[in-house]
Structures are given as structure tokens and as C-alpha cells.
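Just the one chain here, laid out as C-alpha cells, in the form predicted alone.
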């Protein structure tokens, strides 16, 4: 007889991520995955990372293998401050906290500010892992209305007044899952409204450098006049996710309490992986790496868009993004993409159903397709297989 572990009641509110149930299938020969939002392993600079890890350990093993600073490895914070200057940020090292991936940054901010029942404003759809984090703190997730240019400023202001949220959470550039980019005017409005009303705005921005057409827009943080915008980024999407290195850029008065919150979580992120990211940034190779990534993913996105146009039913609408990792496809209202997933997996193709990106799971007829993890020939093959399934229900 096995012991029964009584879980805390709030665990029942935290949705399970379907990708983890798919992982055993994804490794089967011939399986084509449009599911996980992952960079291509073909992009990882294996030899350079191995060399940098060896050199880092040989040069200063006692520091690298010992407990480190909770705020982050000091050379990395300096290198990251320099890297953020490409975004027109003038971040000081005392405004940066290194985290174990971008998701930990969201968790730390919730730990600091969210009590059960507190409101959090977010786009709909939004990042499924952020929904998991918000629900783990028993937050009341309130959706902000949007159109093709992103969130509606009037609705944002109205809902701040009505719900008095602890923060507003936005992914303004190539949003996960829809690939949508918030317009410059709406970015400025979001900063002005939240600053004027005294509400923190979390700008989650891991995809900014993955732009395949058009010009870069100013970050919301660039419009921040009140000091209320907290900026999150991560090396996971443009470098190597297994290194688990994220960054919070926050006002100086917030970084000490972020440090305390992180101490209660994991003391500090692994120094070795921080040092590897630092070495790569300092080497000057990141610009060439980002160009290679954008060239690779631009071709893969083009293949997916061409395949969607060629194979998908006309009733399935796919909105072309200018960058990022995802294509968001909306089926007719009667289609349930979660119900279709098991059949898709049997046909050796996977995607993420749209309901995972809504706090209430209300939208059943959308799907998120990742294009970065498969080469063009596999993308065409997988889209053709998926189209045959869609044609049975659309």
C-alpha cells in the first residue's frame, strides 16, 4: 500500500503542461514536433561552449565551483549590461539580477507581490508557463482585450481601475503563443497608463533578437518614466536553453528584495553556466550567432507559411509573425484542437492546443505551431500530415 500525499488545495488550480506528456513520443524516429517552443539544436555552438567551459574551469575553478552571489556572477552582470545597450538601455549592474531562466523571474516577482486573490492583468492568449506561475500563487488572472495591434489601452486603463492589479504582464514582441507584436503607440500607452496609475508592468522579452523582417521597436521599458517597468529577458531562446540563464532589469529599490526572494528559492543560479554565457558575450560572437539564427529561422518560418497556404483548409487562419518562434493558427469555432491532439500524435505530429494559453481555457479552436525546431523538409511533411487531420473537422 502506497502512502497518500495530501497536496495543498491550490495545486488543483495549476494546469499541467501537455508538452511534458508528449516528451516520450517526441523522441520516436520520424516524429515531427511543432509543439515545444525550443531553439534548434543545430544552432548550438557546441565546440565553442565546450572550449569556454574548459577555459573557465581551468582559469578560476575555486570561484566557479563554490557558492556564488545571489544577484548573479559579477562578470556576467557587466556583460549583460553591455548587451542590453543594444536595446538602448543604460542598465547598471546594481539593477540586474541573474535568474535560472526567464520563468524564475516571473515566479520571483509573484513571490514578492502576489497574495491569494490578487489580480494580475495579462493578454489573452499569453505564455502558458506564466499562467501556471500565476495560478500557483492563487492570483486572479484578468485578461486584457486586444486587436491586431495588441492590447487596447482603454481596456487596460479600465481594468486597472476596476481590479487594482499587483502588476500587468505583457510579452510585447513576437508574443508566445501568437507571434503578435505590440505596436509602438500601444507600448508607449502601456508605459504611460501603468506609470500614471502606479501599477508595475512586467515586460517579458525573450524573443526580441529573433526578428526576420521589419525594424526593431522601442521596448516598453524605453518609455518608462515612472520607474514602474520591470524587464525580463533570457538567453534560452537565442542561445542555449539548457544553460538556464535569465535576467531581470529592475529599479534599484527592487533588486535587494528580488535577491532575498531568490535566496529563498535557490541561493544563486549555477555559476558555471553564467560564466559560459558571459564568455560568449565577451567574445564578440553573439552578433554573428544571432544573424545565423535569424537566417535559419526565417527560412523555416517561410516553409511553414508556404505549407500552411498550400495544405491547410481555407477556414484555418494563420497570422504571419515578423519574428519569434511561433505560428498561431485559428480554426473554425466548432473545432477542438485539444481533442484532435491525440490523433495528431498517432500520426507522428505534435502541436500545442490553444486552450493552454488562456487562463480560463475557453478558446478551443486555436493551435500554436513552433517552426524553429524542424528543418524545412520536415516542416512541409508535418504540415501536410496535420492538414489531412484538419480537413476531417474543418
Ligand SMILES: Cc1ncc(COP(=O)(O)O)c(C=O)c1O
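Positions refer to the first chain, counted from 1. This one's a predicted model, so the numbers in the text were calculated from it and none came from an experiment.
There is also a form predicted in complex with the named molecule; it is not shown, and the following applies to it.
Colleague: Though the named molecule is not shown, can you say which of 143, 271, 255, 236 has a heavy atom within 4.5 Å of it in the model of the complex?
Modeller: Looking at the other structure, the residue within range turns out to be 236.
Colleague: Answer with one of 102, 165, 72, 179: the residue that has a non-hydrogen atom within 4.5 Å of the named molecule in the model of the complex.
Modeller: For this set of options, the contacting one is 102.
Colleague: With a 4.5 Å heavy atom cut-off, would you call residue 204 a contact of the named molecule in the model of the complex?
Modeller: Yes, residue 204 sits close enough to the named molecule in the model of the complex that at least one of its heavy atoms falls within 4.5 Å.
Colleague: Evaluate residue 109 for contact with the named molecule in the model of the complex, applying a 4.5 angstroms cut-off between non-hydrogen atoms, and reply yes or no.
Modeller: Answer no; every heavy atom of residue 109 is more than 4.5 Å from the named molecule in the model of the complex.
Colleague: Would you check, heavy atoms only and a 4.5 Å threshold, whether residue 127 touches the named molecule in the model of the complex?
Modeller: Contact check for residue 127: yes, within 4.5 Å of the named molecule in the model of the complex.
Colleague: Check residue 171 for me: does it contact the named molecule in the model of the complex (non-hydrogen atoms, 4.5 angstroms)?
Modeller: Because a heavy atom of residue 171 falls inside 4.5 Å of the named molecule in the model of the complex, the answer is yes.
Colleague: Pick the stretch from 94 to 102, 192 to 200, 312 to 320, 259 to 267 whose residues have a heavy atom within 4.5 Å of the named molecule in the model of the complex.
Modeller: Of the options given, it is 94 to 102.
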